[in-house]
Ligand code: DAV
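The chain below stands alone, shown as structure tokens; this is the form predicted on its own.
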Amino acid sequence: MTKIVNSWNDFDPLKHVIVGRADHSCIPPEEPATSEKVPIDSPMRGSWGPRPLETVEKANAQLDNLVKILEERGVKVDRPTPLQWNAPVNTPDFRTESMMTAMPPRDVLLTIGNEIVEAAMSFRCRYWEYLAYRPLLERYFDEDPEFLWSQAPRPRLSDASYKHNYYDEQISLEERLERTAAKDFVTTEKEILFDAADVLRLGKDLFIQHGLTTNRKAMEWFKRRYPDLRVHAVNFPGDPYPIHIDATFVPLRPGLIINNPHRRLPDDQRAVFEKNGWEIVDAAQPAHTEPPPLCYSSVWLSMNCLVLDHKTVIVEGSEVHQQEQMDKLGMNVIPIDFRDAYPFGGGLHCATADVNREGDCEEYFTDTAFGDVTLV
């Protein structure tokens, strides 16, 4: 029996990873969570059901190519077992008419050291999504005697978990940004809610984005669940739809982070990094002015890259500006086509979940004046 699960950050040498699949993916119907997270002018509003087969096949071809690239570099790759997503979700608290996808494992699974946590997500359509990864987690548990398999408290996602009448089609972008700056989001503090993709792992420190997919109660849960780690809440007031940290704040190696220039980390939170010797640089502008059709995400998936080690990064093939910046920052760039996969759940980082990276739990922040937890 050998050690399978170990990962403390997103930049140490990648040895084992899960890559998603687009099979049977659906556009879910509107619900309290998605109503606020899908932009008002998105063509995804008002239409739901199975995604066209042609788009699924194109996405799977690019996901399969990512697997090929990783395996050629010696990375072990596992894949989830998709469910038939075009089926309703029924619980004592709600019903929604379809599920979603198994393309973005980064949203569902959070690896902290030798533990993988199944997240407590706020989308009702994603209530059963963790089941696509159960065969893999079962195998890791059988084969790795040190692997810890955890599930965060399962949210009920009743109406009490959302603010009533929060969503308003008439709200302006300025008003939306005011809400974001005031940390006013559609989810309440009734129960623990978080997506794994909101958690930035930097060894002994966890930086968690407070936004539309993760609430303060989740941060309190992390604080209690990991008393030996430091938990810090971060937010990005310039983002009108703050969903997931990995298209906003991306570490490339110890001491270097790229930050979305439209969603800059506030100065007081930025100081935590700078006084510990970290450089934060504005990410390059996207090469595109619009996301692909039927895509939830913004054009800033350009910076949603997959770091293989301290000097190697995979970047979407058409994002030439981001590739050029990575080169100037001393990274060896591997460009691959991935825009056909974007609509199914995000970019290269979203489409993967760490199982094993070399390295231990490092302490990158020696100036602890900011304390063990900062709740914003």
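Given the structure is predicted, the values throughout are model-derived calculations rather than measurements. One-based numbering along the sequence shown.
Just so you know, the form predicted in complex with delta-amino valeric acid exists too; it's not on screen, but the next bit is about it.
In the predicted complex, delta-amino valeric acid stays beyond 4.5 Å of every heavy atom belonging to Arg201.
When contacts are judged by a 4.5 Å heavy atom cut-off, Ser297 counts as touching delta-amino valeric acid in the predicted complex. Contact annotation: Arg263 falls within 4.5 Å of delta-amino valeric acid in the predicted complex, judged by heavy atom distances. Proximity of Arg124 to delta-amino valeric acid in the predicted complex: non-hydrogen atoms within 4.5 Å are absent; the residue sits far from the partner. Heavy atoms within 4.5 Å of delta-amino valeric acid in the predicted complex belong, among the stretches 278 to 286, 244 to 252, 82 to 90, 217 to 225, to residues of 244 to 252.
Contact with delta-amino valeric acid in the predicted complex holds for all three of Asp107, Leu301 and Cys350, each having a heavy atom within 4.5 Å.
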